[in-house]
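Coming up is one lone chain in structure tokens, specifically the form predicted alone.
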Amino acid sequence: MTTIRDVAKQAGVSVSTVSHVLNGTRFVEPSTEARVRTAISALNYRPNSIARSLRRRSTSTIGLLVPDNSNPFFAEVARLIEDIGFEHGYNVILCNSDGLPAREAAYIDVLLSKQVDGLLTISAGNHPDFLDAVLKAGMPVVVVDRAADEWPVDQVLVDNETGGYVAARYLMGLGHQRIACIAGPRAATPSARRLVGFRRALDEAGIALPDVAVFGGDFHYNGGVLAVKALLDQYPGLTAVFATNDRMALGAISALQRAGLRVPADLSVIGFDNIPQSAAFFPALTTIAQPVEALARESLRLLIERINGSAAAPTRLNLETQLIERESCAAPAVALPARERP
């Protein structure tokens, strides 16, 4: 393996001069720097990143923990964080917990042992215990898309409750009154908040949401399929469905079509996330869009500030959602008085 001494010998300079060229720690004459870089290229020299990290006490890496990287929403968040992190000189180590707390804890141990500079976490559950280990280790951390108010950490969240509220108001504005909800896992706080906002809008309008009209899904496509089969059986007269993520909404549309029902002529469907597939599906999905780019950019901004030694009090950001109207919602087949639209 080529060493820094080999480079110095090839360029006819001292080891310290090669080090200054590599690290930019002191001015080096342009002609001398050119000889050093020519030698580096000729010898195919690669600096020892582990040794450099120990000297600098920085690895220029960030850990990103997500619950399911097969979910298009999390995949998009991860890609944006990777791209934006690269712009700021950081490499991102992606860890997929698959929704398992034990796997989350194992990945945290790995990231701590690798001495990453900071951690962005989208936890599988409500309030992960592994944050204790992260905070005790003194690692900067930002919690993304999951509320963790009892922990002294920065949080970047989405206003899921208002998103659910807007979804219900939109359906009621079209004239729907028998509306069902395909909720996500109970441990997932975003889904729970979307259901809270959805219920609040219906309560304000005096419209009932019986227990049989709420199906506990799993955020997967097949979860939407199973939900529709159950809802059609247990909630007759249903005219609209709110799914708390787009994958379940797309599964719901597919199941309705296979049951011989037309979307939106017979039954309307609205989702949440605005994943890329939602615009390409038929009919194109009306949905509540999450601010994915802002979520990624603000999370990284706060984490880099912590890495750089910010002493500010923990920050909680709550980003707004947006209604995206497409083709999957319409007035019910039996027209009812339209309510004020959001």
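Sequential numbering from 1, following the sequence displayed. Treat the numbers as computed from the prediction; the structure is a model and nothing was measured.
Below, we refer to the form predicted together with ligand RIB, which is not included among the displayed structures.
Put simply, of 215, 170, 73, 198 only one has a heavy atom within 4.5 Å of ligand RIB in the predicted bound form, and it is 73. In the predicted bound form, no residue of the candidate spot (164, 193 and 287) has a heavy atom lying within 4.5 Å of ligand RIB. Not displayed here, ligand RIB is approached by residue 145 to within 4.5 Å at the level of heavy atoms in the predicted bound form. Although the partner is absent here, residue 121 lies well away from ligand RIB in the predicted bound form, with no heavy atom inside 4.5 Å. The stretch from 204 to 212, 171 to 179, 227 to 235, 73 to 81 that comes within 4.5 Å of ligand RIB in the predicted bound form, counting heavy atoms only, is 73 to 81. Residues 244, 245 are the members of 235 to 258 with a non-hydrogen atom no more than 4.5 angstroms from ligand RIB in the predicted bound form.
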